[in-house]
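Let's start with one chain on its own, the form predicted on its own, as structure tokens.
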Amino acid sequence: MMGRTIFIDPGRCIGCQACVSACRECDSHRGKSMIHLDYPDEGHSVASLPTVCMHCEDPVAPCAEVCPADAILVTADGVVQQADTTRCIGCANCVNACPFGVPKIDLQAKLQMKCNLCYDRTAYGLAPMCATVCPTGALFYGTIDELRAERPGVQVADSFTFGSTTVTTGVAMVVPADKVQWPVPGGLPVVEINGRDVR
């Protein structure tokens, strides 16, 4: 996990979309939001979940690994960049490779679009736009120690299992310590957290 990163706390998300609006304002995004809200049990629950790039570390960015144009770069500090507009061919390989469903293709521009952790801000020590406006702290930017000082008793997951593949990420998910036997908001069952069976 990166030093300073985003921690997603799904139990705190109220679906206000402030993060989506703020993302549009980031200088490098040209008025388009790179974050979206998922509604995992739409029609049955008001649960929402902010979806940002998880900046996969191991395996290193599946989206970048399958890019035939080498358009997706990973910085030395682990940030998976949005596709380079001079190289991206809009093939959507990255969309299909991402286990978290993050990259999107702008069909009009024929370009891949995804969260780049507001690298134009975070490279200079500023928080990403989404985390600066989140009224409930569902998107927290900082270190694990800062998070635990503010929210005692939380566990953090940065390893996620998809079938037989485990993906370790630079962005982490907050898991309250007192809710070990729980469904993720929206009713999605959690089987493993950081390699530990929680059933």
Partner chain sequence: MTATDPSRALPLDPSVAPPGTRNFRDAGGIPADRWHADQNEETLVPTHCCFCGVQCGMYLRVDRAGKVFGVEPRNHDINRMRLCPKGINAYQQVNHPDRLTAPLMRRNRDEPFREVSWEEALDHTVAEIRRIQGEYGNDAFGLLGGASLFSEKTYLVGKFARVALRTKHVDYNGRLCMVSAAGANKLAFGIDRAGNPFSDILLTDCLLIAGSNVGECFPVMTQYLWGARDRGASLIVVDPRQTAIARTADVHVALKPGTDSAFFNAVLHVIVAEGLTDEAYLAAHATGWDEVRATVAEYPPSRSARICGVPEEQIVQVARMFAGAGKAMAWHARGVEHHSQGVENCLTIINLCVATGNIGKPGAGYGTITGQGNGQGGREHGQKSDLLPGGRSISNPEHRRQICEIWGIEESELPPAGTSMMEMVWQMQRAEIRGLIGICNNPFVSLPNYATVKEGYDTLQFHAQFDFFLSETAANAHVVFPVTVWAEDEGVMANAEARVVKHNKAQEPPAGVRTDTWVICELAKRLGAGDKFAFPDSRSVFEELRIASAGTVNDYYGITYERLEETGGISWPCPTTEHPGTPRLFEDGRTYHPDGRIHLQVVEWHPPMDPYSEEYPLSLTTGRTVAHFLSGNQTRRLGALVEQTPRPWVEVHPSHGFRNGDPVRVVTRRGSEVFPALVTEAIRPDTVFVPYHWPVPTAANALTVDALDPRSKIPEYKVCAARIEAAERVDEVPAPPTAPGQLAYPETQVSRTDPLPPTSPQGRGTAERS
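Positions refer to the first chain, counted from 1. Everything numeric in this text was worked out from a predicted model, so none of it was measured.
Keep in mind that the form predicted in complex with the partner chain is not shown, yet the notes after this line are about it.
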Check 4, 146 and 165: does every one of them have a heavy atom within 4.5 Å of the partner chain in the predicted complex?
no
Is there a heavy atom of residue 54 no more than 4.5 Å from a heavy atom of the partner chain in the predicted complex?
no
Does residue 133 reach the partner chain in the predicted complex, with heavy atoms at most 4.5 Å apart?
yes
My question is simply whether residue 60 lines the interface with the partner chain in the predicted complex - judged by any non-hydrogen atom within 4.5 Å.
no
Interface membership of residue 42, the partner chain in the predicted complex, 4.5 Å heavy atom rule:
yes
Listed by sequence position, which residues of 141 to 156 have a non-hydrogen atom within 4.5 angstroms of the partner chain in the predicted complex?
150, 151, 152
